[in-house]
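Encoded as structure tokens, the following chain is the form predicted alone, with no partner shown.
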Amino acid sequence: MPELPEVQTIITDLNEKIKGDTVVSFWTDWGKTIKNKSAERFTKEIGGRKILGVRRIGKNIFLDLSGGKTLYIHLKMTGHLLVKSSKLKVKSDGKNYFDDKVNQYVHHIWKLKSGRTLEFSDLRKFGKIVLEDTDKINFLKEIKALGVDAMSEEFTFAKFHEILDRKKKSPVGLLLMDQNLIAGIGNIYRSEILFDAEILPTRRIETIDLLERKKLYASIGKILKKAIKYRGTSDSDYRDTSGAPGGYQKIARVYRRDKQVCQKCGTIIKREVLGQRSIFFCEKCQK
């Protein structure tokens, strides 16, 4: 599932490519993705609306539209958004990534006034589309339940310290994944963050002292910013709006590096399961 860095990459791209454009029409072959109204009503209501800007909370994407409406998209496990034009441009490496197999599962298309299209490719069809009044978006059940965004100004060390104190008996590897506490961190970046902070994923929070908490907080910002710089991680289905893969997987220190040697100490990276998800760590570097 795309995590905060992947979603932020998409947000930045969309603001550069389609902000100020206008939705002309909409097509879908999988209406079940639209959650709060029929595909026919959705198509009628979204037509003619200008895209005022794109933002996110955690892994959730919001396109604010004219007329007081917001298009809310969750990519779920395999979704990604593509922006295409009548003249497809290749990347600097000479490749047209739209031809890649992973980009061939388009089930929803917004046609824009500029001639561009915004396309939602979703292999497993788990994605979600909602059109709602802008002033009601934050009151949707799933949005209201979200914790503080891991890259927001509200995510201060004081806030993080308070969150940790609420879950003292929990393994830190589970807390970082809890979207109701901290929104945006998923399976990829919790492993990378904890390696950078030199803390084992299974450590109970009550055993993590103040200095370690400060180091962990710093590692969250450091790793997420670095992943955004590398335009996210493409270990499977994630692609940016040009259809291209991210680059963070090339520099990951522990994620999916099990049975390989730790770059810091030479110990073999281990993989275990925590909360029904794989965790990757170095038992020598992390305590």
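Since we're looking at a predicted model, the values are computed, not measured. Sequential numbering from 1, following the sequence displayed.
The same protein has a further form, the form predicted together with the DNA, not shown here; the description that follows concerns it.
At least one heavy atom of residue 271 is located within 4.5 Å of the DNA in the predicted bound form. Within 4.5 Å of some heavy atom of the DNA in the predicted bound form lies at least one heavy atom of residue 30. Contact between residue 74 and the DNA in the predicted bound form is found at the 4.5 Å heavy atom cutoff. Of the heavy atoms in residue 208, none are within 4.5 Å of the DNA in the predicted bound form. Residue heavy atoms within 4.5 Å of the DNA in the predicted bound form occur in exactly one stretch of 238 to 246, 254 to 262, 221 to 229, 41 to 49, and that stretch is 254 to 262. Here is the short version: of 137, 177, 151, 109, the single residue with a heavy atom within 4.5 Å of the DNA in the predicted bound form is 177. For the options 99, 133, 162, 142, the residue carrying a heavy atom within 4.5 angstroms of the DNA in the predicted bound form is 142. Annotation for 260 to 287: interface residues with the DNA in the predicted bound form are 271, 276, 277, 278 [heavy atom within 4.5 Å].
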